[in-house]
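A lone chain, given as structure tokens: the form predicted on its own.
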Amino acid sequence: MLKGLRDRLHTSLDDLDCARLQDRFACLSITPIADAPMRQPIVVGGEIKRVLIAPHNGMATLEIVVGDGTGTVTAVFSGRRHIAGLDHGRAVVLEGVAHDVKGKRVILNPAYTLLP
């Protein structure tokens, strides 16, 4: 028991957070974000790490960054400034097709399911 506590005390907060997220989403039948293929339908999930409202081509878009401890994916909702329930720290499952945009994994207008 002391060895486990000692290991946790010497582990960085980022590593502990990644392990917590991986444990939280391991029971769901979803693909880890780091293993999700590009340009194919995927189902990924994680916690919302960042919420951003940004203009793209003159239209407001809501961007959320979701992380599961293995990686991150950005969900972009065109023409939206807010979606009820999509708040920082909330767990969510996203369904869509991922694309690479400037080195980031992006899903445009994904279907989503809010988790408790």
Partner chain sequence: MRVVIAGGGSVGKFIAEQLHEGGHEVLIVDNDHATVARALKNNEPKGVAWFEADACEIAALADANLDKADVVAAVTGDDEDNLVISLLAKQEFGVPRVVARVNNPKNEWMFNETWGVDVSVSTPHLITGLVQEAVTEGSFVRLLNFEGGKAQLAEVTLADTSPANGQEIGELGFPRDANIVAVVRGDRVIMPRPDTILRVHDEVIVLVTAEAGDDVRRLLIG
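Quantities reported herein were computed from a predicted structural model and do not represent experimental measurements. Numbering follows the first chain given and starts at 1.
Although not depicted, the form predicted together with its partner chain is the subject of the following passage.
Residue (of 90, 56, 82, 50) lying close to its partner chain in the predicted complex, criterion heavy atoms within 4.5 Å: Exactly one listed residue reaches within 4.5 Å, namely 56.
query: Any chance residue 113 has a heavy atom within 4.5 Å of its partner chain in the predicted complex?
result: No.
query: Does residue 108 reach its partner chain in the predicted complex if we count a contact as any heavy atom within 4.5 Å?
result: Close contact exists here: in the predicted complex, residue 108 approaches its partner chain to within 4.5 Å, heavy atoms only.
field: residue 19: touches its partner chain in the predicted complex, heavy atom cutoff 4.5 angstroms
entry: Looking in the predicted complex, residue contacts with its partner chain do not include residue 19, since no heavy atom lies within 4.5 Å.
message: Within 4.5 Å, heavy atoms only: does residue 99 come near its partner chain in the predicted complex?
response: Yes, residue 99 lies within 4.5 Å of its partner chain in the predicted complex.
query: Along 29-53, which positions have a non-hydrogen atom within 4.5 Å of its partner chain in the predicted complex?
result: Contacts from 29-53: just 39.
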